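As structure tokens, the next two blocks hold two forms of the same chain, structure 1 and structure 2.
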Structure 1
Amino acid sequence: MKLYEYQGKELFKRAGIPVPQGILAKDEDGARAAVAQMGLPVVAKAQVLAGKRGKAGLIRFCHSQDEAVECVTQWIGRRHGGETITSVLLEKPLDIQKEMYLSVTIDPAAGMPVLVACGEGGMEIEEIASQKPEAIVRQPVNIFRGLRPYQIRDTVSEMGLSGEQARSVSQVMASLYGLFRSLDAELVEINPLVLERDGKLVAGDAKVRIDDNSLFRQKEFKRGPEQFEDELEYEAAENGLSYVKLDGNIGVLCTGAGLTMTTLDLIHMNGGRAANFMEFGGATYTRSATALRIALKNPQVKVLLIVTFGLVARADVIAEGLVKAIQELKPELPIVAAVRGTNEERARELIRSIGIPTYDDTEEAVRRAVELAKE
């Protein structure tokens, strides 16, 4: 789950990481009140989860109240990166002497957190990595021991910092790692970490991404439609299902993520294209009606392919749910089913009883679905 910049900066502030003075505005009155409180100039920053705001003209220096109002009124309702802008952060500008980069994220290969730092900031870390890879410092962190003081000292030294600057950045590093752990985060990033001319450090931006699997603990945060690229993905997530919209015309419903990925590969190998990734296995197999309803909402779907493999969740129980769902929704498009697992004979009887052909072999079912999709 991604957080907006203003949300990230609120978390930074709580963790003791300095941030610029800022006020969130959602309309003209809010913009005028913010400027009246903070004074001029201000920086207007559209609040969206997608990147490249600067290149899209969604970050702007405002030297008058009318300019700030214009940004807010013109940006609210505008779309960027598939998302509608609903708020604008107005901040006091920073007196920049130096920009740096700091983040804590997960190294999937090593299976541990990693502190990433650079004595240069202000641009995408990928750009820094391609242009000056030697400038990036990576410090793996044992998750049980945490970020140790010697690791912070080593990192700050490799960034080329010393004296008061080194002490200030060290404090921010420690706070950033503490925030990363307390949030169950996948990423916390400051880019740029600004050293102002008066010697103060300030987080110029804030990116925070929380692991979706930890949201049951992180009750402060709730995923909304803006967190998803498609409204069907949001509807599925609200019902505890995994759905990803693809560009094909074969709707796919499978019991389990691994089986779904295998089925998608088989569709591709047989010359077809899947319309979605959808799995309702494990604890969600009883939600077959919801899964079916969501898959059918995609107008690209010409044929529905159902592949089940029921072991702990028995195949006949899964079939009962699917039969009820199909009888309830009465889809008009062709349906192909491959049913395997515990009590599979009974499961096939149930599905055939409503006129849907079933196959013992998944590859055979996939080939038939691809044929129907091409007709």
Structure 2
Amino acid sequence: MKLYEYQGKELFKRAGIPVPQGILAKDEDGARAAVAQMGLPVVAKAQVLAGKRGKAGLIRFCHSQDEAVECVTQWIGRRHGGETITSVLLEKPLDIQKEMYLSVTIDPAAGMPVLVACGEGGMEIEEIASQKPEAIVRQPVNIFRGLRPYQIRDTVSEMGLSGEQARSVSQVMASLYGLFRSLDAELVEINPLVLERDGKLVAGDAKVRIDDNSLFRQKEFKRGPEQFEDELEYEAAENGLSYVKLDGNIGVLCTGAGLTMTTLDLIHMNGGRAANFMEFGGATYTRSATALRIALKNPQVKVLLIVTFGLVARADVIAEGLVKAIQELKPELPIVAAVRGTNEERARELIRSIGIPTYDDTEEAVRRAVELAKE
């Protein structure tokens, strides 16, 4: 899950990484109080999980209390991508001498943590990578040995830093790596890491992504609907299902990520458009019922396509669950099914018994669903 900038900065502060003075405002009173406390000017930064907020005009320099109030009252409630803005961080502006980039993330190919640093910052790391790849320093870390002092020395030296600057950046690097490990993070990023004119180092922004699989032990964080672009995606995730809303009219219910993606590709190849990605699994009845209920909540859906090839889940168990759910929900739209796997003969009989055509072949089922969607 992604954290908001203000949450990341609280964690930075706790870990000894300097952050700008700032107050989170959620309404007009909050904005006024923040300005009264910090003085002017302030920078207003909308708290969103998606990037590109600068380009969307959601970061503004405010010279008066009214300006700050205006940002807070106008932005809160506004949509940015799939999310609704609920808070604005008001901060003391930084006196920027130099901007740098620092992050710790995972190199999936090497299977190791990696410290990524750059003597220039402020733009997205992808932009730096495409414009000045030689400026990026990458330091893979052996997870058992941790980020060693010599690796930090090498990195700051490659960033072109020396003296006091090198010392303070080194400290931030060590703290950032510690934070990455203790948070079970997938990413901790400071961009920009700002060197102020008086020589102080401050984290200008904070991007933190916690590994969803570790939330059982990272109890400080709880995944809420704001992490999802669509409320159906959140509802699905809460039920252990993977759902991604798409813009077509063929509702898809599948087992397995790969088979689901393949089904979507085949729909596209046959000239149809899928309404969603939906993967359900496990040998439980309730899941297929929940999956069906969520898929049907999208009003775009004209045809329902069910494709399964069970591994753990037996085909007949899946079929029983589906039949029960269909009888309960009584969807008034055509359904096409290809249910295969262990005990598939019985699965087929069950599904046919409620008048739904079944196919042995995924591609045939897809073609039929696309035809029905066009009628």
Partner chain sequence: MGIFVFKDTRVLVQGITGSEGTFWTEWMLKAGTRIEAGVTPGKAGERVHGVPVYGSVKKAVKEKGCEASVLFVPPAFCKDAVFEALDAGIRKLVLLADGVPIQDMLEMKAFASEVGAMIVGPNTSGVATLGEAMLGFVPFWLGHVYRPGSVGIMTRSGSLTNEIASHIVKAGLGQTTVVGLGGDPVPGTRFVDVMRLFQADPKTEAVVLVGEPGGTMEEEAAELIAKGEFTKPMVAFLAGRTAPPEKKMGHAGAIISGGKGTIQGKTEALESVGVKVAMKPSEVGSMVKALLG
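Bear in mind that the values here come from a model prediction, so they are computed numbers and not experimental data. Start at 1 and count along the sequence of structure 1; that gives the residue numbers used here. If you superpose the two forms and keep the largest set of C-alpha atoms that fall within 1.5 Å, you have the rigid core.
The form predicted together with its partner chain is represented by structure 2; structure 1 is the other form. Once the rigid core is overlaid between structures 1 and 2, Ala110 counts among the residues whose Cα shifts by 2 Å or more. If you fit the rigid core between structures 1 and 2, you'll see the Cα of Ala237 move by less than 2 angstroms. Core-superposed comparison between structures 1 and 2: the Cα of Asn270 travels 2 Å or more.
At Ile143, the distance the Cα travels between structures 1 and 2 is 2.4 Å after the core is superposed.
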